[in-house]
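What follows is one chain in structure tokens, specifically the form predicted alone.
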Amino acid sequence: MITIDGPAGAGKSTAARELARRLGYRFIDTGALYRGIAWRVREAKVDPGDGGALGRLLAGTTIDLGDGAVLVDGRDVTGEIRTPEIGELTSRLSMLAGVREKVTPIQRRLAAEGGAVLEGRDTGSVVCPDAEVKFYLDASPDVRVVRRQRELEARGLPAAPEQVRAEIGRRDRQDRERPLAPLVVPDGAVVIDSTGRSVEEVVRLMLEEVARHGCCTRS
């Protein structure tokens, strides 16, 4: 079990996908589950501040990951959850205990068989604190803004650098200051700064650490 945590724009998803591919492991995007919940809340027009209504919605909602797809009540919503609107709602919902109590057991179930690379903001600190290998991936603010901007542009959602910087700043504050499962460097995690490093360089460093722990591949 391998975890990769870090802030938005640090390159976690790209590195995690490639690391999982090289090892023949399963890639688990834990944040996508929260985005799936946010999508469901938006579709149902439920106020996140209405605990009763939110609890009833969560109780009747199923969410899962399958073959790279995010499935909410059996519907593939993968292409609908990467908008700034869903990102903002996800950030709000991820601070709520009820939402975390819904999502964390799903994340742990997905990781339980091992041979998995989990990417998120609390995978090594809360979801799988007993993971054999933990990473914390970071990057300079300027690099993170550029990466996030390119990601949005690739999805047909162009945004001005100032807007992206503000979005990342808000998300950082919320992630680091929330009382439940804040973004931290997990105990025992190897910190990698991806500033000025290619994906290949980052993944190579990770593979070296995985090998040092004696983890095997499945390919």
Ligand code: DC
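Not measured: the values here are computed from a predicted model. Start at 1 and count along the sequence shown; that's the residue number.
Note that the form predicted together with the named molecule isn't included here; everything after this is about it.
Note on the partner interface in the model of the complex: the residue among 42, 165, 171, 26 having a heavy atom within 4.5 angstroms of the named molecule is 171.
Proximity of residue 121 to the named molecule in the model of the complex falls within the 4.5 Å heavy atom cutoff.
Remark: residue 82 counts among the residues lining the named molecule in the model of the complex, judged by a heavy atom distance of 4.5 Å or less.
Though the partner is left out of this view, residue 149 does not reach within 4.5 Å of the named molecule in the model of the complex, counting heavy atoms only. Although the partner is absent here, residue 194 is not a contact residue: none of its heavy atoms lies within 4.5 angstroms of the named molecule in the model of the complex. Residues within 4.5 angstroms of the named molecule in the model of the complex, judged by any non-hydrogen atom, belong to 33-41 and to none of the other stretches in 156-164, 186-194, 33-41, 65-73. For the stretch 67-94, the set of residues having any non-hydrogen atom within 4.5 angstroms of the named molecule in the model of the complex comprises 82, 90, 91, 94, in sequence order.
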